[in-house]
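One chain comes next, on its own, written as structure tokens: the form predicted on its own.
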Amino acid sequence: MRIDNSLVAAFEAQLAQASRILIGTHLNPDGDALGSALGLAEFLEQRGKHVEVLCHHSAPRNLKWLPNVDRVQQEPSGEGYDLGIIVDLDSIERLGNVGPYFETLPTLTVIDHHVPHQAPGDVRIIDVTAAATALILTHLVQQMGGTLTASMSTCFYTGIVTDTGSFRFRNTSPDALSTSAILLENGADLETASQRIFQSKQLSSARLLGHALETMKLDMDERLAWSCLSFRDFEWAKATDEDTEGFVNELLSIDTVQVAAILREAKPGKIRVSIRSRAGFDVAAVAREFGGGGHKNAAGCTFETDLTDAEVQIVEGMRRCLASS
């Protein structure tokens, strides 16, 4: 992958005029969101910029080991910021409570790999074929002559390995693999990333996963699978929403299933939904029906209603998705 020279030049011009920069990413950040934001922050500091990273939510348990993760804030520490950079999100609303801090900035850059459904930003570096935003940023740093430090490489590698499911998902490309090799050569911590992201589960998570699998529902000749986790289920397992990371992929791993979802009521009246699919089934379109978004094969949305009502709505959406493909 090579980023268009005109976009690199436009970003360079923005940086030349900026001294105080805010970086933002989406609600409930994953490895690509945080890895991209933290790696980019270090690169910009190499350029002598004052940089702060904002996110509505703190880092989840499985990402608290990331280099410099303690710099993630819920609000700026001061004023006078002259550039905002938003990474890894397709809708400005997904900034959550930190969104207003970016709306008032004089210039804005968006760096992302989602299919765009809004067009904010004076400079937009978008590549929907990229496996991860961190992959785009690695190439951007290389083209701009930055130094890939061990900590920066670990952050970017985490973004790539997370969004490719440890190189198992169909978005895994030759570029994702070869760029990951470069990051490893520059000190990316593969062992810690693999252990903390994919091989470390709380007992509460194991209990809740067992319940989710036991109560799973199937439909449409076992091509559709979903499971609902109520607030009582979370209390019983002594679990939090973080403990459900990866649950939906367990449903999708069933050989007949082509679309799967997990509905979680971690807090009463607020239902978060993760949807996954195989091949040509576009679950991002389903999520957008309910104000969410994501990738074609990995998306999510939120309902503010009771669990039964959310289940009815999302299952109907998934049925339409399967029936139309």
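Being a predicted model, the structure only gives us computed values, none of them experimental. The numbering used is simple: start at 1 and walk along the sequence shown.
Quick note: we don't show the form predicted together with a small molecule, though the next part is all about it.
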**Heavy atom of C301 within 4.5 Å of the small molecule in the predicted bound form** = yes
**Message:** With the partner left out here, check for me: in the predicted bound form, does some heavy atom of P29 sit within 4.5 Å of the small molecule?
**Reply:** no
**Prompt:** At the 4.5 Å heavy atom threshold, is S274 in contact with the small molecule in the predicted bound form?
**Reply:** yes
**Message:** So in the predicted bound form, is the small molecule close enough to P67 to count as touching (4.5 Å, heavy atoms)?
**Reply:** no
**Asked** Of 45-53, 59-67, 293-301, 252-260, which is the one stretch near the small molecule in the predicted bound form, taking non-hydrogen atoms within 4.5 angstroms as near?
**Response** 293-301
**Request:** Name the single residue among H211, H139, R196, H114 that comes within 4.5 Å of the small molecule in the predicted bound form, judging by heavy atoms.
**Result:** H114
**Item:** D90, E242, D189, D127 - the one with a heavy atom within 4.5 Å of the small molecule in the predicted bound form
**Value:** D90
